[in-house]
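One chain comes next, on its own, written as structure tokens: the form predicted alone.
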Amino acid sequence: MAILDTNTSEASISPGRDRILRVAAELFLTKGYAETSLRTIAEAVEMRPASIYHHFESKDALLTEILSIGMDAVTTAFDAVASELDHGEASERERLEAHVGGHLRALFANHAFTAAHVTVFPFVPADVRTAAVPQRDAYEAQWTDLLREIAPALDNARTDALRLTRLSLFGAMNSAVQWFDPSEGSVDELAANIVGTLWNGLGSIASGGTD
């Protein structure tokens, strides 16, 4: 599976396939799933439609790979942050901010691929959704485990606080693709702001109500 940002991972991929993925990701993001046909993609990459089929058996197969690339990017970023944190001391808040920053950097570095999960995924066919769900669930589980470690008291089945906190955090991070321009602002400052806003409630839980 290809990851197109060198800060995440490397993959061997043909220039033609690479270009198709990049252009198709942008078209799905800007035009939408229904309005983007393989013919449209072929015209944009200056290929015959039959040449697209040499690499991908269908539009759904192409979109499935794009969504997988997006999930690979954020998952690799999460693992990289976790590895870095293993080598030093970090507070609960610092751990959370580091992971939020990693997610945001991967989000913007691979924008068309990651943003597809925010703007395109709700409208994809059932088979594409089914193919993408395991990766999405696995990534959500990493965040669930992180939040459980930072604030164990969130893990309360009666209130579902852990799930709601994770969803709120994802909403804050992922919605940034629709309004934040990393060329005009610092991603690290955005991460600090997101965590700072959340921490007003989460901090007191992590410290047993004394923060």
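When you see a residue number, it is the position in the sequence shown, counting from 1. Just so we're clear, the structure is a prediction, and the values are computed from it rather than from any experiment.
Note that the form predicted together with the DNA isn't included here; everything after this is about it.
- This chain is drawn without the DNA; in the predicted complex, the residue among 169, 38, 151, 27 with a heavy atom within 4.5 Å of it is 38.
- The DNA in the predicted complex is not approached by residue 163, whose heavy atoms all lie more than 4.5 angstroms from it.
- At a distance threshold of 4.5 angstroms between non-hydrogen atoms, residue 51 is in contact with the DNA in the predicted complex.
- In the predicted complex, no heavy atom of residue 146 sits within 4.5 Å of the DNA.
- Taking non-hydrogen atoms only, residue 58 approaches the DNA to within 4.5 angstroms in the predicted complex.
- Residues placing heavy atoms within 4.5 Å of the DNA in the predicted complex fall in a single listed stretch, namely 39 to 47, out of 39 to 47, 65 to 73, 138 to 146, 172 to 180.
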